[in-house]
Structure formats: structure tokens, C-alpha cells
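Only one chain comes next, encoded as C-alpha cells, the form predicted on its own.
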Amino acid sequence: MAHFDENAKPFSNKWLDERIGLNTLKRVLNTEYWIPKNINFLWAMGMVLAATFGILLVSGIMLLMYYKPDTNLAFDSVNYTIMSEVGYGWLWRHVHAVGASIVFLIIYIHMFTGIYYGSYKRGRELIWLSGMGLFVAFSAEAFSGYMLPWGQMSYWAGMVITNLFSLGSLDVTGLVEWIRGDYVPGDAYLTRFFMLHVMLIPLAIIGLIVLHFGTLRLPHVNNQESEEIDFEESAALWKAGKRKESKVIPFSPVFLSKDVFVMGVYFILFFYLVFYNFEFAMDPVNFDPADGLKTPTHIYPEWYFLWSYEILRPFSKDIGLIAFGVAQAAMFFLPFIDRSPNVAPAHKRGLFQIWFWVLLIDMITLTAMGKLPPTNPTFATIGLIAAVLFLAMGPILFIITMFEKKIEKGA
């Protein structure tokens, strides 16, 4: 039977430790959660993402107090009430808008860091899969939030995206109407996306963050050289005071202090954008009230969806949907497409390094082309080539990593 100290003060460390294992929790998640020494600032992006999500939650709650999920009131509640009548309402909106945009920049940096250093391999597949789950959840959260101001681009982007659920020539219009709650976006549509944005998807994100951190705990964090580290031996050296000989550091306070420094630099940039360049996160077309009878000349999503949109756009309806689905699935199954046992960083992997930089440049090209109108034949051709190349990157990776695997076996 467990022994409880009756003299322990309520909610003191000892009182809590006897009931929920507080000290064990602190040891497992902080003081004895070991991180490799040889990692750079890019490994702080996870904490930067968590901090940005926290800011989005707080600013979202502030906006929620005054937002009206009604097609007749939503636009004015955002653009007049919050921006002009509520004290510092403009600040909370700028924080939320900038955060919603810049969080995807951090996500893409985090994602490409994982690809470059092979952090999705050798027992770390669940880390990648849970991270991609978070990417999907953040994408759904961003899309549902983009609907809420009920401006022109909100309405028409929602119309285009929900039309995808008709599944091309299958013409499953009943599913589209079920999602919208009507034939066209209206009150039911807005209130549904409001519920998704403020409750259901944030809960999913929190759950996935817990899962993501949980999957990080057992295989341990990767390092710059993808070196195999005996964490138990290195941890013992650290505890014995032989810190120069140890290859690891404790998460708290040593690595956490590095995270805090990177976050400090990041928040300088973040609040510079909030106060001086917030307009990049707000589409000027969305400052016009939604009008179902007036189609914008050029409908496009936010910048972080443009690469996906450009993969969809150059093809016919059915082929475009298939290409779009394949592109998303390929990112999910990257750990299983890469057949090489080599976990070295890209600059030590020959052909893989070329593949990595081609993928990055191709995604940037798709993003740039997705923002441009499809009327220019030169840009349309570039977009088509970039889309086809992106779809070919999966098979190319499979081939070059199978070749790499044969070389490893021969060696």
C-alpha cells in the first residue's frame, strides 16, 4: 500500500507527487528528457510552433467575444466592431491574422528540416505521420477561419473548395450540399465552419500535439549528423559531471534555454509584422462584403495552399482531383517511399541532396504560379511542368533510394 504523508501541505510538491507522480513527470519530460548536443536552431521550430499556436488560441478567444457567426453580421463584426469600436480589437485581429499566416512558414521549415536530416526514418515514422496529421489539422483550421470574415474571397474560396467534394465527374452534389447545409454557402455553412474553427479542430490539434510529443519521447530526437547515440551512456556521463564527454543535454533547463532564445528572436520578427506589415496576412479582396452574384476575377487560396492549388489547376476536373490527392498522400507516406536505410543528412546522400533541393524549388515555383491568373500561357505552362514534376518526385525518390540501398548493402 502506498504511504501518504499526512503532514504534507495541500498542493505542495510532495503532496502532488504522492498523488500524480509530479516528480516522475518532471523527470521524464524535463530534467531527464535527453536531447543530442549536435543540433542547430532549426530544432527549436517545434517549440516556436507550440508558442504560436498558444498565441492563436488567446487572440482567437479575444476575437470570439465580439464576432457574430451570422451572414448579415459577420463582415461588420470583424471590419467595424472589432477593428474600430473594441479597445485594441485591431491589435488582436492583426496578431491572429499574422499568426495564422506565419505559422505555416514555420510548419514548412519544420517539415523540410525533417526531410533534410532524415528525421522521419529509423523508428521515427510515427513522428512524421503525427506531424503530417498536425499539418492537415492546421490547414483545416486555417481554411475554416478564412471563411469567418465573410468577405468576397471567403465566400468564393469556400465555394470552390467545397465543390471539390463533388468528386469530379462523379458529381456527388448531395455531399457538397450536406457540407454547406444549403445549395450555396449561407448561414448554416458559416455557423458550421465557426464551430469547426473555434472548438472541434483546435481540440484535434491539441490531441495531435500531445501525440507528436509522445512519439518524440521514445525514439529520441534526431541530430545534425544523424549519429546513433547511446542515450543511457551519455546521460550517465552527464549525471556523473563529465559533461564534455556526454553527447546529450537535458531538455530542461539546458536545451529549453536555447529554445527560449530562438523564440525571442522569432517574436521580434512576429510583432514587427503585427505592427508594421500586417497587411500581407489580409487579402484586400476580402475587405469587400461577400456577394454570391459577383464572382471575383481571380479566385485563389492563401499562400500556404497555393502549391496544392497549382497541382489541381492545370489538369481537367478528374485528373486534377487525382493529382491533388496523390500529392497529399505522397507527403504522408514519405517514410515508406524512401527505401534507403541511410539516415545521414541530405548533403551526405548524393542524389537525395539533389532530389531535396529540386523538391523545395518546385514547391516555391508552384506557390508563385498558383497566385497568378491562369490566362498567361507562359505561366500556365510553367505551372503544368512544376505540377507534373512534383507528382514525379515520389517515384524518383523511390528509385534513387532503392539505388542507395543497393550501394549500402554492397558496402
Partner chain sequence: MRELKILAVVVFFSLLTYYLVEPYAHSQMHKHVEGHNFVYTGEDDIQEASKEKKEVKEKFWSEVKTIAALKGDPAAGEAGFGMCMGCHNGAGVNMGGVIPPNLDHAGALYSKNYLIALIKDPAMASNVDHKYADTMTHPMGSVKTMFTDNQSIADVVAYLMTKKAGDVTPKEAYEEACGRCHAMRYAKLTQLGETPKFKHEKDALAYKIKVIDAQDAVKAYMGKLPPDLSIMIRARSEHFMETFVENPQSQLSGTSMPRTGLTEEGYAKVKAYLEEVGDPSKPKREAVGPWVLGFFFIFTILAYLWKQSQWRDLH
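Note that the structure is a prediction, hence the values are computed from the model and not measured. Positions refer to the first chain, counted from 1.
What comes next is about the form predicted in complex with its partner chain, which does not appear here.
A.B. asks: Would residue 162 show up as a contact with its partner chain in the predicted bound form if we use heavy atoms at 4.5 Å?
C.D. replies: Flag for residue 162 set to no.
A.B. asks: Residue 216 near its partner chain in the predicted bound form, any heavy atom under 4.5 Å?
C.D. replies: Residue-level check for residue 216: no, no contact with its partner chain.
A.B. asks: Residue-level contact is defined here as any heavy atom of the residue lying within 4.5 Å of its partner chain in the predicted bound form; does residue 79 satisfy this criterion?
C.D. replies: Result yes; residue 79 sits at the interface with its partner chain in the predicted bound form.
A.B. asks: Is there a heavy atom of residue 368 no more than 4.5 Å from a heavy atom of its partner chain in the predicted bound form?
C.D. replies: Taking the distances in the predicted bound form, the answer for residue 368 is yes, it comes within 4.5 Å of its partner chain.
A.B. asks: If the cut-off is 4.5 angstroms on heavy atoms, which of these, 231, 90, 332, 336, is the one near its partner chain in the predicted bound form?
C.D. replies: Here the answer is residue option 90.
A.B. asks: Within 4.5 angstroms, counting heavy atoms, which one of the listed stretches 126-134, 204-212, 220-228, 140-148 is next to its partner chain in the predicted bound form?
C.D. replies: Contact-bearing stretch, as computed: 220-228.
A.B. asks: Each of 118, 377 and 396 near its partner chain in the predicted bound form, meaning some heavy atom within 4.5 Å?
C.D. replies: Not one of the three qualifies.
A.B. asks: What residues in 341-358 sit within 4.5 Å of its partner chain in the predicted bound form, counting heavy atoms only?
C.D. replies: Residues within 4.5 Å: 347, 357.
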